[in-house]
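Only one chain is shown below, in structure tokens, and it's the form predicted on its own.
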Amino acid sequence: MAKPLALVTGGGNGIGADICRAAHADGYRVAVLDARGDAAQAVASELGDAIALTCDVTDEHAVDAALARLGAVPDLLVNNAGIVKFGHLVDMSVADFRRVLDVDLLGVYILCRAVGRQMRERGSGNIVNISSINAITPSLGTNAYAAAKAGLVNLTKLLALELGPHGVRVNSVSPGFVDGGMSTPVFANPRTREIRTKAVPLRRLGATSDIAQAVLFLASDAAPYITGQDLGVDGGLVHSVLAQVPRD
């Protein structure tokens, strides 16, 4: 019996790479898609039977070509590719704002549209989009990233409504403070690391594997009636605002 196929965008490092590893361990054949071909190939080689795809998710023609190389319809699509440009909104260039939206929101739509059509025709499939707690409670400096992730959560809900009648489930995962991927430079500062760790009710930073396991849960037979949901994986952080403000 052929293995189910998982396609992971931004799979060449950080959270994406750990999602690829978790999917492989869970019995999937993995397609590692990344804009950096060397990174995709490194993860694919580590997994043995995986395939590496070099692709810019904002280029719909490149996406179609990458999907054609698979030779099969993915059973699981994980939209993890993303970028962030820190700074103040009023100082950000329109070009930078547009680029973040293109990768973090439009790119997800392009993949969901292409793969969603295939899943709809087949009558089954799972899509999990990687959002962020910034979609719910944006932090200063995340500018276009926060806006894109908020849009991504609603895109997920709408896709769930459209594709649900065709046997396709669509959910999102919103990581909190994760020690890895794009956040690696942030937590290289010991003081920042200490402050952020203490702000999390579970008193630890998230690991990339925490996010990977949440993705695999949503795609599994343990979650057959879950769709259109955003799963926060943040150690309770988004609910801790009042806990940071003592009454005394």
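Residue numbers here begin at 1 and follow the sequence given. Not measured: the values here are computed from a predicted model.
This next part talks about the form predicted in complex with a small molecule, which is not shown.
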Answer key: of 170, 130, 148, 77, within 4.5 Å of the small molecule in the model of the complex (heavy atoms) is 130
Heavy atom within 4.5 Å of the small molecule in the model of the complex, from candidates 100, 178, 115, 163, belongs to 178
Spell it out for me: taking the small molecule in the model of the complex, does every residue among 31, 126 and 218 have a heavy atom no farther than 4.5 Å from it? no
When the small molecule is placed as it is in the model of the complex, which of 66-74, 179-187, 23-31, 197-205 ends up with heavy atoms within 4.5 Å of it? 179-187
Is there a heavy atom of residue 55 lying 4.5 Å or less from a heavy atom of the small molecule in the model of the complex? yes
Touches the small molecule in the model of the complex: residue 61 (any heavy atom, 4.5 Å): no
Is residue 119 part of the interface with the small molecule in the model of the complex - any heavy atom within 4.5 Å? no
The small molecule contact at residue 153 in the model of the complex, heavy atom, 4.5 Å: no
